[in-house]
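In the form predicted alone, a lone chain appears below as structure tokens.
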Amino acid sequence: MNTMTYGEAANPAVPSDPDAIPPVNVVALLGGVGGAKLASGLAQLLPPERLTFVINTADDFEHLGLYISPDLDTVMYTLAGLVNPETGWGVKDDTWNALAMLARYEAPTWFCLGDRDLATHLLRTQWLREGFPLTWVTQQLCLLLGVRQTLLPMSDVPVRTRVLTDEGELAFQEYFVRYAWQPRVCAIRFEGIEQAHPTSAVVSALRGADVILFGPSNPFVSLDPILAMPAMRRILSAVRAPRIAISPIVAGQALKGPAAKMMRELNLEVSPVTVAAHYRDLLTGFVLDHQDADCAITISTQMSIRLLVTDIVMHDETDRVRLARETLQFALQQR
């Protein structure tokens, strides 16, 4: 696909081969299905030791006594080749016998736990109760599933997203799953954020990064918890690597989930301009879709952010790899 760039000219040191990606250290801040798709594309382009994914854990919660990490699991299952391709989350070809039995016991079944998926939550919960930090637990789960890229929880300290709605304050998974994100959003807060801090592994990865990416994830509930941790924005701003965000909004709609609905309810324009402004102090570049090309001048001139305009909707693996490649090439032009 044709792309357009706005801003400074390309660095002549970048390889002339349009498909060449040099061996660079990439750190991507991710959450949700969109983030997992980008991770999948990046994994096809770079050796696993060059990729680190810092993942939102403010969606984590306890359900039926089990500790569940939806964003971590979505990225992990995707990279392991286990994710359900129809939903983008959960385990493919899973069965639902345990859920059916829970229903007979009249237990809550609004959060769908497949039989194979349950094994992950059981083991994670056991290890956490034995005192192992979430970073270590995630490392072990990835090792056992053959995921060689580094997946890092944003923090080992619990943070929980709370959504203030017209029906009262809800835990994020209740808002997102139980009520199918239908209540009107009035505000969002992150419980425990003042005590949270990025782990030493996260800080080390960011400081050693050649490129930092903000995935096409919901800015308010997937990436904001990561950025809201004390010192996180300062750490990111101090990194000299290019910092590129990919828009989760295309033609007034969210690529996935409630981002556009949240923006309307928070009285924000549903536009890549709003997303770029949300991150503007952290970015050197921004990627938006051809359908939003009319936003390019506003972002590039008023915010002094360099732009890549391309097709950002990831329908399949080919799209994921193409978008990852174009985004990395764009980032390398800024080094």
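When you see a residue number, it is the position in the sequence shown, counting from 1. Bear in mind that the values here come from a model prediction, so they are computed numbers and not experimental data.
Another form, the form predicted together with guanosine-5'-diphosphate, is not on view; read the next lines as being about it.
Checking 244, 259, 202, 141 against guanosine-5'-diphosphate in the predicted complex, a heavy atom within 4.5 Å turns up for just one residue: 259. The closest non-hydrogen atom of residue 254 lies within 4.5 Å of guanosine-5'-diphosphate in the predicted complex. Of the heavy atoms in residue 39, none are within 4.5 Å of guanosine-5'-diphosphate in the predicted complex. Interface residue remark: residue 176 is counted as part of the site for guanosine-5'-diphosphate in the predicted complex, having a heavy atom within 4.5 Å. Mapping the unseen interface onto this chain, residue 68 falls outside it, with no heavy atom inside 4.5 Å of guanosine-5'-diphosphate in the predicted complex. With the partner left out here, guanosine-5'-diphosphate still marks one of 218-226, 147-155, 188-196, 233-241 in the predicted complex; by a 4.5 Å heavy atom cut-off that stretch is 218-226. With contact defined as any non-hydrogen atom lying within 4.5 angstroms of guanosine-5'-diphosphate in the predicted complex, the contacting residues in 27-64 are 31, 32, 33, 34, 35, 37, 59, given in sequence order.
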